[in-house]
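Shown next as structure tokens: one chain only, the form predicted alone.
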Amino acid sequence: MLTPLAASPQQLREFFTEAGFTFGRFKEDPTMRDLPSRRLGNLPALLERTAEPTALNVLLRWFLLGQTQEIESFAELVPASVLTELLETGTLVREANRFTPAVMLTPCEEFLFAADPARTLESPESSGMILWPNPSTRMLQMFTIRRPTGTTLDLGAGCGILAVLASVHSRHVVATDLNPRAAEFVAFNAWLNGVTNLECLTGDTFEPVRGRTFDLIVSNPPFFVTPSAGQMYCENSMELDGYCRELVRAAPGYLNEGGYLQITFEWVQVRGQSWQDRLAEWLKDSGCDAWILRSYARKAADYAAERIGRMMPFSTLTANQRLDEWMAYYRAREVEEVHGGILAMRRRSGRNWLRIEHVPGLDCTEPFGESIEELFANQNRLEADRSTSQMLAWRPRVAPDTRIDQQLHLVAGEWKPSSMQIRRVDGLPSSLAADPQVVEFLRQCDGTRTLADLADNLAPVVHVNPEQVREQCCAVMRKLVERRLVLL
């Protein structure tokens, strides 16, 4: 049982920081994030890596590797007052002179998060485990809009990482989860990180917040498309992608005007229906604009094999038996592929739009929430200004992190551009192939001149009728705005 103390956690946090158990250190050395696995048999190597008697290695052995340590091995490295707090909070359990960790601790940005130990994933208790910050959570963390917000909901909060992060830019945060153990972890992690504007509730999907609305909803739901529902942290009891559909359909009723929903999710393609049409049905008449970034697509058999290999829950079935079970489930429902990605929806009155992009292998290491707001602003302008006359009034501005990449080839003894690409280097990746004339035109887009002025200045240079140049400039500008290479 984790127990927040009446006293401030400052001493604990300072000890972890001084020892080097920090996000920056983990980021610099990815090997520090390696977890023990019976399947991989890597524990001996991890223990050897942390054999040197340092405060950092003591913490890594406890809170990353989940190892029991005898007091003789760390007595000079961990202050008695820190050890007392670890025991009083329940993060460590003592038996004689042996100290066993009850949680896994993960640093993230300036915060520290407790979750169930990694060994729980390979035990019969895996069903109700509280997972540490995983890749999909981290992706949503990068994706989240971090503007000043009134009220934020973290739906399916788990250990509460997204809720705690949102507390920095939100007046009030609500964290909900179906798993009653989640509230214990969220409350503890709020205390551990000095967060006081966070409320924990237990219940299914939106049930705990019925009648309330929010400015931001973030969710890393249990979205795996599986024939079972035993692992609460990644599976649900609904058919195929039904739970994600239900969440997306219900969310607008819990958003304030201008509020966003941002989620990680998976969906299927079934025989006779394109996956794009499937998503369009989810969002029909939602009262929201929506942007979907599809980052992967797997054939049903490949998806099943990959998920079975990674989930590693306690099971009496062999991998082949489980694969047969999964494939029978997919065949009966005519599932051809499983797709995954992230979704942003914004509640807005008026004519709404849906945009779907394929961003293969999306893996951002820096926050790109600002890119989301840019895209919604640009897309709204594109939807509103459809005529040439409206577009010519734009004052386009090149995004400050835009760069030009070019390849050269030798022609008559001179290097000539053979290809050029315009791209954004910060936030969400974006690029567009272009020719030298477009690149030169882009150079003049500084936000002070209208598109009409830019086109009229270009016409005599290229010796083309001004009206024709205006039409061409509008067509090019729409592409640049769609890719966020130009801001309006």
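Residues carry their position along the shown sequence, with the first being 1. As the structure is a prediction and not an experimental result, all values here were calculated from the model.
The next section is about a form of this same protein that is not shown, the form predicted in complex with a small molecule.
Review point. Pick from 378, 205, 269, 151: which has a non-hydrogen atom within 4.5 Å of the small molecule in the model of the complex?
Key: Looking at 378, 205, 269, 151 one by one, just 205 meets the 4.5 Å heavy-atom criterion.
Practice item. Identify which of 286, 179, 228, 295 has a heavy atom within 4.5 Å of the small molecule in the model of the complex; exactly one of them does. Key: Contact with the small molecule in the model of the complex is made by 179 alone.
Practice item. Heavy atoms, 4.5 Å, the small molecule in the model of the complex: which of 133-141, 325-333, 348-356, 381-389 makes the cut? Say which one. Key: In the other structure, the partner sits against 133-141.
Check your understanding: Does the small molecule get within 4.5 angstroms of any non-hydrogen atom of residue 252 in the model of the complex?
Key -> Judged by the heavy-atom cut-off of 4.5 Å, residue 252 is well away from the small molecule in the model of the complex.
Check your understanding: Looking in the model of the complex, any heavy atom of residue 220 within 4.5 Å of the small molecule?
Key -> Because a heavy atom of residue 220 falls inside 4.5 Å of the small molecule in the model of the complex, the answer is yes.
Exercise for review: Tell me, yes or no, whether residue 121 is in contact with the small molecule in the model of the complex, where a contact means a heavy atom of each within 4.5 Å.
Suggested key: So residue 121 does not count as contacting the small molecule.
Review point. Does the small molecule get within 4.5 angstroms of any non-hydrogen atom of residue 155 in the model of the complex?
Key: Residue 155 belongs to the contact set for the small molecule.
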